[in-house]
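Below, in structure tokens: the form predicted alone, a single chain.
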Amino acid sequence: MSNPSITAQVSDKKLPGDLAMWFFILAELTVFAIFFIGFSVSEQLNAEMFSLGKAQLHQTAGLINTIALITSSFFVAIALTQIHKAKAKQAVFLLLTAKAFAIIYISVKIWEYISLFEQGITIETNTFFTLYFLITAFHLMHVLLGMVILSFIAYSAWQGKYQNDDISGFESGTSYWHMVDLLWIILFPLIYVI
């Protein structure tokens, strides 16, 4: 026989944020999954080309970007904890710190693109670099959108809009940012390492 208090606790659990954001996140994850599968299949068909392509990438830049996004997500998670405690000003500061790490990611990614262009490597070089530029540029666009979302929720928090447990918008924004981070954690080893 089940315990009524445990049943009530389980039924109270829900996804953080708005359901619409979760549909959007699921759609984005599906698109990236198609990219990742396409990359993996192409790699199986062109193993030597992909091995040579990966050797031309700057793995340290990829690692720096991984650390930057993980650190950024850490600050976003702490910001969410602060908003749950009704400490909006601290949450804003943490979101701004998260954005600073996102700027590191963007700067390193742009440097990496420029470095490849200077070597004569473009989206048309071969299948590996076509997929590399498409996937990483698509991800970069998501980082930029994520920064806009973080700015919006930071501004809203500063204005005191997340009151009385009405933090669904804040949770939606942080969930999106964690998706961006998760995608890079998959993307980095797939494209740069393995």
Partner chain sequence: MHKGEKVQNNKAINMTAATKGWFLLITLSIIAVYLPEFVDSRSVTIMGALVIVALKGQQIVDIFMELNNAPKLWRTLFLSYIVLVPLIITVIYLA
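What you see is a predicted model, and the numbers here were worked out from it, not measured in a lab. Positions refer to the first chain, counted from 1.
Note that the form predicted together with the partner chain isn't included here; everything after this is about it.
Q56, Q163, Q159, S40: which sits within 4.5 Å of the partner chain in the predicted complex by any heavy atom? Contact with the partner chain in the predicted complex is made by S40 alone.
Between the options I70, V148, L52, M141, which residue brings a heavy atom to within 4.5 Å of the partner chain in the predicted complex? Partner contact (heavy atom, 4.5 Å) among the options: I70.
Spell it out for me: taking the partner chain in the predicted complex, does every residue among L96, I104 and Y155 have a heavy atom no farther than 4.5 Å from it? Per the other structure, none of L96, I104 and Y155 touch the partner chain.
In the predicted complex, T81 touching the partner chain (heavy atom, 4.5 Å): T81 belongs to the contact set for the partner chain.
Spell out, yes or no, whether the shortest heavy atom distance between F74 and the partner chain in the predicted complex is within 4.5 Å. Looking in the predicted complex, residue contacts with the partner chain include F74, since a heavy atom lies within 4.5 Å.
Is F133 a contact residue for the partner chain in the predicted complex, using a 4.5 Å heavy atom cut-off? Taking the distances in the predicted complex, the answer for F133 is no, it never comes within 4.5 Å of the partner chain.
Is there a heavy atom of T66 lying 4.5 Å or less from a heavy atom of the partner chain in the predicted complex? Contact check for T66: yes, within 4.5 Å of the partner chain in the predicted complex.
Could you pull out the residues of 166-183 that have any heavy atom within 4.5 Å of the partner chain in the predicted complex? Heavy-atom contacts within 4.5 Å come from S175, H178, M179, D181, L182, L183.
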